[in-house]
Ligand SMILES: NC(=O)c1ccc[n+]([C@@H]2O[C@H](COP(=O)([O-])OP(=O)(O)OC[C@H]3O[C@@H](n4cnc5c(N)ncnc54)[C@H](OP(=O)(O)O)[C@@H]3O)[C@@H](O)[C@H]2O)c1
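Here's a solo chain for you in structure tokens, the form predicted alone.
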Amino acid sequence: MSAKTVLSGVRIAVLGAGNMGQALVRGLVDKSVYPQYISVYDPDPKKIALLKKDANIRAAKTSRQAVSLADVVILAVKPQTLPEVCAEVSSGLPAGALVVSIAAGVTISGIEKHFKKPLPVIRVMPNMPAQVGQGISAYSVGRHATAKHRKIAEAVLAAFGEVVPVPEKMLDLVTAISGSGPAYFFLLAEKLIESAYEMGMKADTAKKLAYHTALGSGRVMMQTWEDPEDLIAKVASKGGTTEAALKTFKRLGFGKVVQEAVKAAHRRSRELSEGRS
């Protein structure tokens, strides 16, 4: 018999079966949440059929049906469709149901206004590695959410990676760091591969070298938890190849470029949160 957890007996409705919705559902089932306690709705029947086949969850015919018995409702939809989805389910939500939104850029107050009654709301900013169970999600709680709601949300989000609480005013910066961040690392990998190819290496070999270097470096950071400066010092010997590369980065303003890129992402996240297109 499975040990009792925070999610034991909790009925979860997931609205949206895109990449994040699918990752969350699969993660929950992998974490031993009983599949028949998970109800999923998406207007694309192919996505629902795939999840039903892979995870044996309950496939709802409508969003209202999905949330009708739910203790937790996950809004895994695009920001532009959020108002419509909330309008569809608002009157059918059980009293006290926890609403967890991963719709990018939509504030807690923006979510609350779509419902006819006060509800506990938790807003989440996950990131793309959640799709392989290696994400990190930052979350903020609304005024009606309790400590119990926080624990439930953390248990749900742990299904696809690590979880960290932050004040809502920090979520735009979270977006710029961890939300957009995977693309920054992918860009570095792309340029390493391109450089190696242009200098005569086979593309597949360069790709394998870059990807494994990224994987190994990430594991070193997580396992040692040392500051990046100290880790750099362990790789760069005086007068060596790494030092030559680092000096070039510094001369060309790599650090400044990264800082300006993060600021640009932060500004854009704030614009989207404020409803500016």
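Keep in mind the model is a prediction, meaning the values are calculated, not measured. The numbering used is simple: start at 1 and walk along the sequence shown.
The same protein also has a form predicted together with this ligand, omitted here; what follows describes it.
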Looking at Pro79, Pro165, Gly133, Gly92, which is the one with a non-hydrogen atom within 4.5 Å of this ligand in the model of the complex? Pro79
By the heavy atom within 4.5 Å rule, which residue out of Ile152, Ile108, Val85, Leu119 makes contact with this ligand in the model of the complex? Val85
Spot the stretch among 211-219, 42-50, 244-252, 231-239 with residues whose non-hydrogen atoms come within 4.5 Å of this ligand in the model of the complex. 42-50
Ser140: touches this ligand in the model of the complex, heavy atom cutoff 4.5 angstroms: no
Can any non-hydrogen atom of Ala265 be found within 4.5 angstroms of this ligand in the model of the complex? no
Even though the partner isn't displayed, in the model of the complex is Ala104 close enough to this ligand, meaning a heavy atom within 4.5 Å? yes
Taking any heavy atom pair closer than or equal to 4.5 Å as contact, tell me whether Met125 reaches this ligand in the model of the complex. yes
